[in-house]
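Presented below, as structure tokens, is a lone chain in the form predicted alone.
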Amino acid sequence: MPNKNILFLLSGSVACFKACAVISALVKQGNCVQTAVTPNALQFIGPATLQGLTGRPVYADMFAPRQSGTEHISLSKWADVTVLCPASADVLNKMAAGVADDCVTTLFLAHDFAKPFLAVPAMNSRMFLHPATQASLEKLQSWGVRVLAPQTGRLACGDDGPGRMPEPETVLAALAEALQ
């Protein structure tokens, strides 16, 4: 799947380290990857890492002086595929409610559903199984979002259950499938 424009959104989760492996692999395949992050994602991964992996500035502040204020539109038009990885409960629930209060959720509202949008949940089991999150996932899927099911296993907090972000190879395969 080389030569694709991939809009890679990151939300706050310890799984951001796995997302970096996915980003690195996508770039090595010859794709152009543009990252956008929530403020919470920046608590887990720094912009220097993402810029180093992609060679592109990180879209983190809609109102930064160097921004035109319409990047959410231009990036949505530019992207062949958009992926939210990791997808936190917070961001999934905001997206389903139509909230657009940061770069990531604003990009979602500007998304053209003629193109694929993939969400890769990563969170604690209780958060994943919460009725609000499950309802949000159902709503997002009804709109055309492809949700990659989380793995079951040991979580960062020490609990066991569903909510682990799938391994990078699984995410890469899902992206390749979405682009067919």
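Numbers for residues come from their place in the sequence shown, where the first is 1. Predicted model, so just to flag it, every value in this text is computed and none were measured.
This protein has a second form, the form predicted in complex with a small molecule, left out of what is shown; the following refers to that one.
Taken together, the three residues 3, 33 and 82 all stay farther than 4.5 Å from the small molecule in the model of the complex, as judged by their closest heavy atom.
Exactly one listed residue, out of 49, 40, 152, 29, brings a non-hydrogen atom to within 4.5 Å of the small molecule in the model of the complex: 40. Contact annotation for residue 91: at least one heavy atom lies within 4.5 Å of the small molecule in the model of the complex. Within 4.5 Å of some heavy atom of the small molecule in the model of the complex lies at least one heavy atom of residue 123. By the criterion of a heavy atom within 4.5 Å, residue 12 is counted among the residues contacting the small molecule in the model of the complex. The shortest heavy atom separation between residue 129 and the small molecule in the model of the complex exceeds 4.5 Å.
Only one of 40-48, 111-119, 138-146, 54-62 lies within 4.5 Å of the small molecule in the model of the complex by heavy atoms, and it is 40-48.
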